[in-house]
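Just one chain is shown here, as structure tokens, and it is the form predicted on its own.
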């Protein structure tokens, strides 16, 4: 057992008379690349949820980017009406009541779905993070009171009726505008949760040290608070994307959003109105959009759970090759 006192270690650490060689830039870059890229990738490769979730999201991403170039945009009369699935390679998922291949419709609906998800997630997560961080860090101030009062007022407004009224007023056709309107309903609850996280982080010793050193509030929020919240925000982004998908598909299915483009909800609406629930020859017309929505949602949930492991600091340190078992840099 070492007889060296902790005070001696601190005196040695902060002794200005001791010459220390600065860490070379190449070594610092190597350490950061290992800690923020290689180690997270190793953690992800050991978590089946991260692997499967990333694979599913990648498939949908390829559908929305490469797929729309490889598959022609479907039009009425491209194929026989209500052709059953798995009978012809040209329309492997069958066709609808207009003779349009279902697989091609699913592919060409994917880009607009991603645009809606992106806009909705940016609005909901951005608002929640901004309001939650500022309000939590400035606890007890007038700004905190005003922001939380606005948040509480919006929470009390029924979300779905509010979105329906806004859609009736603006009649949006752009997927970005639709995503923004849907995202307006999702941020208040998350803002409250982020504020609670910030109230805990602001009591940490390194935040107090930054304040004592006179570092500006903006720098503390960005470097000390937001950095700690990024894993939580990233995980919630995937869950917010899932909510945007469900809400948009539901509103398209109910006919509240205008039918201006291919959409999984529009396909389900057309199938339902055509009597797909009572006509076995139309089951595939309703089933494949449902299966697509389920797979997308399943992939986002698995991805968010996998990211929870990837952002775990202890797991990343364990899989890093430049950090030793005690948490310090390798010699």
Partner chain sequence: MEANYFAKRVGQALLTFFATVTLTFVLYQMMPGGPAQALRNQILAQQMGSSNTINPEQIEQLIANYTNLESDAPIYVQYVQYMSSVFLEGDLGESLYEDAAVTELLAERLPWSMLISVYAMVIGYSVSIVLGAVMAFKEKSRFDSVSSVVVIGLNSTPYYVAGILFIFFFSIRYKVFPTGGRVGLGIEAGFNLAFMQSIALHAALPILSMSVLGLGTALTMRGNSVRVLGEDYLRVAELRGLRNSRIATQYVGRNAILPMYTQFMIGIAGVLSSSVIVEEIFSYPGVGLLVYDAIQVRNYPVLMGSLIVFTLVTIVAILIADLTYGFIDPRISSGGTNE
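Positions refer to the first chain, counted from 1. Small disclaimer: the values here were computed from a predicted structure and weren't measured. Each form is matched to the other, and the largest set of C-alpha atoms that superpose within 1.5 Å is called the rigid core.
Below: the form predicted together with its partner chain, not depicted.
Contact flag, residue 218 vs its partner chain in the predicted complex, heavy atom cut 4.5 Å: No, no contact at 4.5 Å.
Touches its partner chain in the predicted complex: residue 162 (any heavy atom, 4.5 Å): Heavy-atom contact with its partner chain at 4.5 Å: present for residue 162.
Would residue 212 count as a contact of its partner chain in the predicted complex, using a 4.5 angstroms cut-off between non-hydrogen atoms? No - in the predicted complex, heavy atoms of residue 212 and its partner chain never come within 4.5 Å of each other.
Using 4.5 Å between non-hydrogen atoms, is residue 302 touching its partner chain in the predicted complex? Yes, residue 302 sits close enough to its partner chain in the predicted complex that at least one of its heavy atoms falls within 4.5 Å.
Name the stretch, out of 68-76, 101-109, 115-123, 163-171, where some heavy atom lies within 4.5 Å of its partner chain in the predicted complex. In short, 163-171.
I need to confirm a contact call. Of 230, 143, 155, 92, which residue comes within 4.5 Å of its partner chain in the predicted complex, counting heavy atoms only? None of the other options qualify; the answer is 155.
Within 4.5 Å, heavy atoms only, which of 62, 52, 290, 41 is in contact with its partner chain in the predicted complex? Only one listed residue qualifies here, and that residue is 290.
For residue 215, state whether the C-alpha moves by 2 Å or more between this form and the one not shown after rigid core superposition. Result for residue 215: yes, a 2 Å-plus shift.
Residue 138 C-alpha shift between this form and the one not shown of 2 Å or more, rigid core reference: Superposed on the core, residue 138 moves its C-alpha 2 Å or more between this form and the one not shown.
Compare the position of the CA of residue 225 between this form and the one not shown after a rigid core fit and state whether the shift reaches 2 Å. Superposed on the core, residue 225 moves its C-alpha 2 Å or more between this form and the one not shown.
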